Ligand code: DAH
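Shown here is one chain on its own, the form predicted alone, set out as structure tokens.
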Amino acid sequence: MMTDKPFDLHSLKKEFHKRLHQTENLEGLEEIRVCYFGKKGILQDLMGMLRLAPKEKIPELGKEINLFKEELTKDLEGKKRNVEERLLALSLEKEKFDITLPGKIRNRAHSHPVLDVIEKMTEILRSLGLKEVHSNEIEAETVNFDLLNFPADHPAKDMQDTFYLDDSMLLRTHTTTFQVPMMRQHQPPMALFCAGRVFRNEEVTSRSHQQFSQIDAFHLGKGVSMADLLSLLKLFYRRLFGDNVLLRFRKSYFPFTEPSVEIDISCIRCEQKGCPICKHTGWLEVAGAGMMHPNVIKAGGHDPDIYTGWAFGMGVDRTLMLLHNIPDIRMLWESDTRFLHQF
């Protein structure tokens, strides 16, 4: 880069401007800056070579070098600004858009339909005076079965029906597990409900799944009767399905209630004319209920001779399928966005 004449600033300036003119990117300009103004650059070499000049010439040559440096620095900065402005203009040109074009559709997240129907059902229960509580999805076998008056040889305890985690712990098979722990924590009167997932080791079909949601409720107090239970259920289902829905109660058996009933509603799809959903009977089974068994009340730490109570449990998934005419329960858990976007 240097000529034989150590202070041939004219040649250096000419070469500098030639390189500057040929460079159209910031990387190249940075290379020029380092070459001329870096710690080992040409300007440093010029300053080092002052010692070769006569002493009386050093001040004058030093001044020339400084002016030379200021001129080249100014030209380099000007070129850099021009390149930056050009690159910005190109970038803006690529990013510009036509404001008259329609906007892009953005899919927003929303709650799962199962959560929506849980909220709808629990809101009705809250309006009827029940308080919501929560319980564990992993529970002890004694809480899931024994304290709820299940016989020791009950088939629900078998490995093929229940997901056991070890010899004593399991995934709860129903939300009824919340009853005894809540009775032990509170004094009557109490009217509570619990909503959540339950798990059963069943074959997955269009009507059954290994995980689904339930809502359980109970009311314990003095003078609580079966009539109270039936009245509340009528109010609940009329608010959920409409004032025209009819209810019927069939005698049944559950270990934790006595007497026990199953609740059917008139088919909301065919209005009891008969259809595949109700199997042409005009009725749909929606819940199980009854008066709390004395042994369950005792397990909760209360005297069944003083206190009585009712309890019921209902499936959330089945209710959702009825509300929206969904033919297959598996559709609720397959994460198919085409299905979920309908809600």
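The structure presented is a predicted model; accordingly, all values stated were derived computationally and were not measured. Start at 1 and count along the sequence shown; that's the residue number.
The same protein has a further form, the form predicted together with this ligand, not shown here; the description that follows concerns it.
- When contacts are judged by a 4.5 Å heavy atom cut-off, Asp216 counts as touching this ligand in the model of the complex.
- Though the partner is left out of this view, Ala289 does reach within 4.5 Å of this ligand in the model of the complex, counting heavy atoms only.
- Contact annotation: Phe312 falls within 4.5 Å of this ligand in the model of the complex, judged by heavy atom distances.
- This ligand in the model of the complex comes within 4.5 Å of a heavy atom belonging to Arg200.
- Of the stretches 250-258, 88-96, 107-115, 184-192, only 250-258 has residues with a heavy atom within 4.5 Å of this ligand in the model of the complex.
- Only one of Lys79, His174, Lys157, His209 lies close to this ligand in the model of the complex, with a heavy atom inside 4.5 Å, and it is His174.
- In the model of the complex, this ligand lies beyond 4.5 angstroms of every heavy atom of every residue of 40-77.
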